[in-house]
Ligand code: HSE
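Before any questions on binding or motion, here is one chain by itself as structure tokens, the form predicted alone.
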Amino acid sequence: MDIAVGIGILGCGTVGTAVATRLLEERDALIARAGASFTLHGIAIGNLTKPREAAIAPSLFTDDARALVDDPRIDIIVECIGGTTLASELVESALYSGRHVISANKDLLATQGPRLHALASARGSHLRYEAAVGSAIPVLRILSEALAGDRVEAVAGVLNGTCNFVLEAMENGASYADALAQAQALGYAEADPRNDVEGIDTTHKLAVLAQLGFGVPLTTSRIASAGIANITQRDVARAQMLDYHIRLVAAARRTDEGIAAEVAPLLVHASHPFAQLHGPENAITVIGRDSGALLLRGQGAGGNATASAVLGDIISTLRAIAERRTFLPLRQRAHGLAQAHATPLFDRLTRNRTLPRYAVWEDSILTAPVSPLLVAHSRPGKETLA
């Protein structure tokens, strides 16, 4: 085994720590799987005095992230910083220098993915980010590899564990405020939960799915979205009486006019897989022209689950390096960088008279023909007698 690959990690929070620990403690097993030897050369952090995982040697830490990205020994940069400022600068620098980048940063990919993909393609670098959507659920690998010979027609799912937890707690009688406080106490929600409860996190994930699945430069700002902050315990209780659950659903599909996409709380029938998730579980449906509907379900959050997806990307990249394979462009790279726009999707769903604020989820919205006239003149949902 004559291939030796250098790895650097940016950030050592929950995910970065889990990745680094496994790279160090399971090195021999990972090398055997990858077919290439590797060395973890450094981990960039913001505070050198903060106590760290005992398994990680202090000599690996540095507070100079830019120097780590420029280290000539490093071939793969693993970005676990998050955000869209410093992370963007460092990822761009790594890709420009020909290094391969692995990231769990949905915010970055959802808002700057088309530009970063174009840069990676131009520089012969590899940009992988399985952990950015669904954590350990391999949906991006399915879109980019398993369905590479198919045409993806639609994607939909429940993609935010924090919202799932809050809505489930409300179904058990908690107010929205109490349910959110419970989520924060258990570590499911940040001290500032707006990214989750306002639907931003879910919209980021939908943008990434659309970029990869449809091959279009669609970013978060071009998708209609709403969150769960205005849902009341009374709404949740009434939905249960009607055999529905309120869930934050994300969906996107191709239409004759382009792409239709939206994120919003919807009424989902109790028998539907989207309604049967617990805690941080996610569920994602992918519909291919030839493959039909595929349903994926699993842990969509958590340090270990996310680290597992990151390590999967590391192994895939090591294998490609060992086999001296060219890093082929993902399907979206063939498109220009002009921003794509998505028309709203859920205004084509029916509504329930008892809870008219919420549209009723129907799987058929992902496959039913959509006429240009309906897209242009659709109104806020048809009313039902239920």
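All residue numbers are counted from 1 along the displayed sequence. Values in this document were obtained by computation on a predicted structure and should not be read as measured data. Basically, rigid core = biggest C-alpha set you can superpose within 1.5 Å across the two forms.
Just so it is clear, the following notes concern the form predicted in complex with L-homoserine, a form of the same protein that is not shown.
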* Ok, A189, L277, A252, L266: which has a heavy atom sitting within 4.5 Å of L-homoserine in the predicted complex? -> A189
* Asked: Just one of I77, C80, A301, I284 has a heavy atom within 4.5 angstroms of L-homoserine in the predicted complex, so which one?
  -> A301
* **Contact of H245 with L-homoserine in the predicted complex (heavy atom, 4.5 Å)** => no
* At the 4.5 Å heavy atom threshold, is K106 in contact with L-homoserine in the predicted complex? -> yes
* Asked: Might R128 be said to contact L-homoserine in the predicted complex, defining contact as any heavy atom within 4.5 Å?
  -> no
* To do: Flag P114 as yes or no: does it have a non-hydrogen atom within 4.5 angstroms of any non-hydrogen atom of L-homoserine in the predicted complex?
  => no
* Could you tell me which of 146 to 154, 235 to 243, 293 to 301, 308 to 316 sits within 4.5 Å of L-homoserine in the predicted complex, going by non-hydrogen atoms? => 293 to 301
* Enumerate the residues of 201 to 218 that have a non-hydrogen atom within 4.5 Å of L-homoserine in the predicted complex, in sequence order, or give none. => D201, K205
* To do: For L180, state whether the C-alpha moves by 2 Å or more between this form and the one not shown after rigid core superposition.
  => yes
